[in-house]
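Before any questions on how it binds or moves, here is one chain, the form predicted alone, in structure tokens.
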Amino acid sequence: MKALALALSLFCAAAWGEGPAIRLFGWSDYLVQEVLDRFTEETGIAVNYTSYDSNESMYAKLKLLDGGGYDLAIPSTYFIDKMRKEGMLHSLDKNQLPNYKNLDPRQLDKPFDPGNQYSIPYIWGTSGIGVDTAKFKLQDVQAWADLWKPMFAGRLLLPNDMREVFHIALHILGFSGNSKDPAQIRSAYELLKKLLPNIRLFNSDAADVLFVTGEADAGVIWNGAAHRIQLEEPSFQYVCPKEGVILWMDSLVIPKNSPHAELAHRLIDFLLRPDIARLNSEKVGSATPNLEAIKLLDPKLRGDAVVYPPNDIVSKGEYQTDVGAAITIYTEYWEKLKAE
């Protein structure tokens, strides 16, 4: 009865804006409102969701706040690596996460966070090439290098993501996307300069809208966004380049000085519930690392190779990790590239 009374009082307080609230910092459209509303209904804990459009802006704000101000964030692979090395993250208490058991072991213990001491996989996927086959032939776009073809002049969308853009050029040159070699990074920059005439814009936010509205006809895209576009535009196709896809994973982390770390653990565990993880995956259109949730998915989504790529595609992919001091080299060339 005491637990019930506490839950009711928390819910009423949250409804009036007086109760506990979690401040969540994430990508836009990454958590559907229905999920957040259900969490509040079940726990009485409100969630205030603020979005960002790049890992860099997320990192800069959390750094400025010294790991405080927010209770939960959703960074990507190499930024998890960077933030944990810099002591910006709160270690996780797995005893507070009983639903952790639902996660696919293949999606755990990655190089950017060995043992998942600081991060919980939320969604994962690949970055590849999206192309409108009503305007370009699919057979002409099978490799990253094909984006340099003159036929794409002024029609490409690239993410506003330094590491992802350089990763592509490094792969074409036969190097790791995590290279720390100044000469290799410079070679990637020189190659990317040749791509500039084909680039219409750099944008990481709402890429699906830009393709559907015809702002771009081809370019680099995350597979989840590609899946959403295909639901509206059947002519849109997603290509896994022959040089290898970029693997990505966005994970839940608690900033070091989170005001409500215990409540953040409660939200993480809620998101690890199979029914909730299923709902998020279906709404966002990206793969869930939750094995029990996958069993609940619509068979059509579960069998979609764009969202859940086969093992041979995954095995050729590469995750991004922290490049340490070499990041200053990337940043210098990135700024020069965008100023050209």
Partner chain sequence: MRQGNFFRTSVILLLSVWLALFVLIPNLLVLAASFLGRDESGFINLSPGLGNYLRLFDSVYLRVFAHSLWLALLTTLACLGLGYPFAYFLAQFRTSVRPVLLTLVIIPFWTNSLVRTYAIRSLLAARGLLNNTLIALGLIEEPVRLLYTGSAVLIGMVYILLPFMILPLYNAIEKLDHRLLEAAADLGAGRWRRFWQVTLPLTLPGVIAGSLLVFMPALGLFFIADVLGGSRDLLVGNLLKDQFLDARDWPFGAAASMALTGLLFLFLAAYAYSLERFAVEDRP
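From a predicted model like this one, the values you see are computed outputs, not experimental measurements. Residue numbers count along the first chain shown, from 1. Basically, rigid core = biggest C-alpha set you can superpose within 1.5 Å across the two forms.
Form predicted in complex with the partner chain: not shown, discussed below.
Contact check for Asn160: a non-hydrogen atom falls within 4.5 Å of the partner chain in the model of the complex. Proximity of Lys283 to the partner chain in the model of the complex falls outside the 4.5 Å heavy atom cutoff.
Of the heavy atoms in Tyr59, some are within 4.5 Å of the partner chain in the model of the complex. Of the heavy atoms in Trp144, none are within 4.5 Å of the partner chain in the model of the complex.
For the residues Ile74, Leu210, Ile185, Met249, the 4.5 Å heavy atom test against the partner chain in the model of the complex is passed only by Leu210. The partner is absent here, but in the model of the complex a heavy atom of Glu86, alone among Glu262, Asp140, Asp181, Glu86, sits within 4.5 Å of the partner chain. Note on the interface: of 210-218, 239-247, 266-274, 122-130, the segment with non-hydrogen atoms within 4.5 angstroms of the partner chain in the model of the complex is 210-218. For the partner-free chain shown, Gly324, Ala325, Ile327 of 313-327 come within 4.5 angstroms of the partner chain in the model of the complex, judged by any non-hydrogen atom. Annotation: Cα of Tyr52 displaced by at least 2 Å between this form and the one not shown, core superposition.
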